[in-house]
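In structure tokens, one chain follows: the form predicted on its own.
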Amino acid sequence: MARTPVWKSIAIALTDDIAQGRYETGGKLPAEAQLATRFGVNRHTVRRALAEMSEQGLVHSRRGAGVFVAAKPTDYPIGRRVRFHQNLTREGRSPAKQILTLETRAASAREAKALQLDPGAEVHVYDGLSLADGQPIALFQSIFPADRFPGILDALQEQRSVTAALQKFGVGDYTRIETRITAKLATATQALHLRIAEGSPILRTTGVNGDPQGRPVEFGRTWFAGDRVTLTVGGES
């Protein structure tokens, strides 16, 4: 089994330090020499770890001043009510979404089963990118029954909010029926969108949202940048 490179282990450890609040946003990290002593490596290895964290938007350097924390991983609750804008706003982050594709196609077998549709039934698909303070944190795909929500793609184009789009079709509330979380490695395309290195850790969630009567209204997949988001499970979020 391939071993994790030392520089990557250092980057993971420092990212965890930021997530735990040991280094605050805007705060300065210890000097390279101090970090080299802490981890028992040379300064070049520390520099490689910091460069990786800089590429991911976690730190930034100021010439002659040092390396500073740019952002800490965002806590993202996965509860019965998963609302992107609410989750990010609660954490003091500025949320935004970017549309990648909007299309109508035949459902796959898995999608049809999740949405309780006949095999091959049409679905509307919304692929997009979620951002926090302008930094990409997740790719997502939301899939809706086309017969029940015929104009939802137009609503999503206008508002880029699943909650607002569903409200236009009389779904005033929806809750998570099922959630699955799986660790993955970023593909080349995912890495390009998320501005991370190919093969970086990502967390994939798949879930089904239902209306108050328990009928599925959305089947979703989300791929979170592993170093930028901490998923928390439970509660009524």
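So that there is no doubt, residue numbering starts at 1 and follows the sequence shown. All figures in this text were calculated on a predicted structure; none of them were measured in a lab. Take the two forms, superpose them, and find the largest set of C-alpha atoms that agree within 1.5 Å; that set is the rigid core.
Below, we refer to the form predicted in complex with the DNA, which is not included among the displayed structures.
Shown without its partner, this chain lists G207, P30, G210, G57 as candidates; in the predicted bound form, only P30 has a non-hydrogen atom within 4.5 angstroms of the DNA.
This chain is displayed alone, yet in the predicted bound form one of I196, M53, V67, I202 has a heavy atom within 4.5 Å of the DNA; that residue is V67. By the criterion of a heavy atom within 4.5 Å, R47 is counted among the residues contacting the DNA in the predicted bound form.
Taking non-hydrogen atoms only, A186 never approaches the DNA to within 4.5 angstroms in the predicted bound form. Proximity of R38 to the DNA in the predicted bound form falls outside the 4.5 Å heavy atom cutoff. Using a 4.5 angstroms limit between non-hydrogen atoms, N42 touches the DNA in the predicted bound form. If you fit the rigid core between the shown form and the other one, you'll see the Cα of P30 move by 2 angstroms or more. Once both forms are fitted on their core, the CA shift for T205 between the shown form and the other one remains under 2 Å.
After superposing the rigid core, the Cα of V217 is displaced by less than 2 Å between the shown form and the other one.
Distance between the C-alpha atoms of A191 and A49: longer in the predicted bound form than here (change of 3 Å or more). Wider separation of the C-alpha atoms of A188 and A11, by 3 angstroms or more, is seen in the predicted bound form than in the present form.
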